Every structure is written in C-alpha cells, then in structure tokens.
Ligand code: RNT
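Below you will find one chain, with nothing else, as structure tokens; this is the form predicted alone, and questions on how it binds or moves follow later.
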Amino acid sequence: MENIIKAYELAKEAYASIGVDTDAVMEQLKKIKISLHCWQGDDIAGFLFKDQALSGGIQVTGNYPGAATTVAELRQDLDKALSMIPGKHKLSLHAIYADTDEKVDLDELEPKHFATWVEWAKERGMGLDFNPTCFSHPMADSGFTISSADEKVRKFWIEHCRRSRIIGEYFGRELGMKAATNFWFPDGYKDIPVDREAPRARMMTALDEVFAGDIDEANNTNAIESKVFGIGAESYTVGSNEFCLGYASTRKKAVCLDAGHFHPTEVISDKIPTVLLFTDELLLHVSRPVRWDSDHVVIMDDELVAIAQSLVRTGLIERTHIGLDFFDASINRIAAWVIGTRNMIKALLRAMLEPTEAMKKLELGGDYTSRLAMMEELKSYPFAAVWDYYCMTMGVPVRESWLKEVKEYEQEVLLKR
C-alpha cells in the first residue's frame, strides 16, 4: 500500500505539471456507470426457455466449467465480479432473464417478472438496463422478427418490444437511474434478396407501433442497434447502419453503436461524435471483434483507448450510456467481466488524465507539431499509478491481485455446480 501511495504522489505531480488535477479526475470517474451485461455469466441461455438453442447469428464458444444455471447463481457470480470492479454501476438484462415461476412467453412479459431484479439492484445502489430478446425463439426461426412479412410473426415481436419498453421505464422509475432499452434484430437474408426496401419499410412501421403511446422518456432511453451482417444473414441485414441512424434521428431515439457490428476496417470511436450531432443520446456496446463480430473480452487495445478519448475529449460522456457486450465461455466467466469492465474504466481514466483543453488550443492555433508531441508523450505518462491508487481507495483489488480471488471462487463455488 505504501508503494502505491508513493507512486501516486509522483504521478500526481507529473500530471499537475501539465495542468491535470488527478484527485478531481478520480472524483469524476466515480460518477461514470458502466452497464455490465448479464449474458456473460451463463452464455446467453437465460431462464425463460432453458432448452432453446441459440439462434439469430449468435454463438458462444467454449465449455469452461461453472456457468450460472439459476437466477441465484447468476446474482452470486455478479456480486463476486462487482466486488473487484471500482465504482457503482449498472446491469443490462435481456428479456429471457426474467425471474418468474410462471410459464410466460416473450409477448406476455410484465414488470412484475423482473421485480426481484429491481430489489437486487436497489440493495446494491445499481441501475438496470433492458433488451428485448429477438432471437433464440421459434418465432424467429424464419430469420425475420419485427420485419417479417408474416403478420402473426411481426405482431408477436411488436408486442414483445412494446412490453420491453414498459419494463425499461419501470427500471428507471423504480431505481431513480435512467434505463437504456436497446432494440436489436437479427433480420436478414443469407443470400442476395430481390427486394431490399420492403423489409425495412415493415421494420420502420413496426417500430413506430412499438414506440407509440406515452411512456416517461425521463426514465428510459430507447436505442436502436445496427449490424452489418450476421451468421445466416450474410448478404442482407434489415437493420443496417443507415436504417438505424435514419430512424433514430427522425424519431428522436438513441443509436446503439456496437464495436463489432461494422466492417473490419471501421471503428466506432470515429462514429461517436458524428452520431451525437443528430441524436440526443447514444448507447455503446463495447466489445472486441476479432476478424468478425466475435464478441471477445474487452482489452486495453487502441480502439478501446480511442473510444474513451472520443467520449472525453469532446465532452460527450454525459449523453452516452456505456454498456459492454461480449461472451466468452473459453475462460472463467467472472474473470471476463472483471477484465472487460476494469479495462473500460481504466481507458476512461486514461482519457480523463489528458490536458484536453490545452491540446485543443494547440489544434485550433494550427500548432500540429506540439499537438502530436503532446499526444505521444502522454502515452508514457504514469496513468497506471493513478489507476492503482484509484482501485485501492475504492476498496477493490489492485493490479492482478483480483485473479487470486477469482481462482478461489472457482474452486469453492464454480467447480461444485
């Protein structure tokens, strides 16, 4: 502990020399909430339809022991992960994670089916986000949901999404923390379609039905998420980036940018400031694609750093809901949560330790030499010492010491399931 404090004092002095107050930065960092995704804990199985195979282009690889199989086990695992992550955060639920003994389908879900999740979140001072589950269901077997040409199928998903919006508003109202309800659809064709317009017209009309009616937007942000392609929808995706951005900007909804939902050479860090010129709010699904939308655990790579910088440098963080979206069953699932979430927070800290205003002044003055020099020198500034001190003061393990706790939990809990 003494060495951590000494290192921090030196780092504090170094950052003060460029006009950055590290204590103030850490106070600001405490206010930022990351939305952990519940589906990392059980490989997107959920609790409503235990025997339903994954569909909609979603795959989870690996068979690491200890996946949660009940609501109680998932909450236990989440509590363990949260104990190693600094700050108070949020949890993002999919509809299939309802906690109920009723036999209920997706188009019958109500807030009461998530009441125990609200109580769980209240006890921990957390918020909840929501997602309709428009995959892994017989009504999605055709490859189409809300844009289906079959009216029965389309109406089913409209009702499910309408109810999801109500559930999201319930979360925000009960917890006093605005929820983000995200709408993503796997709809598309494996091979080249004849008509590219009609499914999108159906999706647009269906979404208008979903969002009709009065629900307090102060408690819930509705976001629509695009995807460039999926397994089984390689040639045509109804909910393309252009469709989602156009719909959100004309209907005053948020856009969800998922780091894996674009072409391999595209990055969402450059899209963030553009989207927020046209929408009031933004939802992020921070993930790590490896060659395709493979949802690897978030690491401190160049794009994660750039995402954080894009939010911080442009002052857009208050208009952005930061969520995570990855699922890896080849490693310890709790470790995956801890690694990914700590990296997201660490990247934000690194960005917040920049002398942003000073660098903007250099840029506006045309001094690109000094801008480049400053940006490069910052890469070797001692942000890690500030991170260690932050973790220590927030009462969570410093550096890799959390791994010992995960390994002990694995032996004591996970391997006995």
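Residue indices: 1-based, along the sequence shown. For clarity, every value in this text was computed on a predicted model and none was experimentally measured.
Just so it is clear, the following notes concern the form predicted together with the named molecule, a form of the same protein that is not shown.
Not one of Glu281, Arg319 and His321 is positioned with any heavy atom within 4.5 Å of the named molecule in the model of the complex. Mapping the unseen interface onto this chain, Asp325 counts among the residues with a heavy atom inside 4.5 Å of the named molecule in the model of the complex. In the model of the complex, the named molecule sits beyond 4.5 Å of every heavy atom of Glu174. Tyr390 falls outside the set of residues with a heavy atom inside 4.5 Å of the named molecule in the model of the complex. Under a 4.5 angstroms non-hydrogen atom cutoff, the named molecule in the model of the complex has Ile58 among its neighbouring residues.
Partner proximity in the model of the complex, defined as non-hydrogen atoms within 4.5 angstroms of the named molecule, places exactly one of 104 to 112, 341 to 349, 225 to 233, 246 to 254 at the interface: 225 to 233.
With the partner removed from view, the residue among Asp293, Asp77, Glu169, Asp99 that has a non-hydrogen atom within 4.5 Å of the named molecule in the model of the complex turns out to be Asp293. Of the candidates Trp117, Tyr189, Phe135, Phe262, Phe135 is the one whose heavy atoms come within 4.5 Å of the named molecule in the model of the complex; the others do not. Of all the residues from 76 to 112, the single one having a non-hydrogen atom no more than 4.5 Å from the named molecule in the model of the complex is His94.
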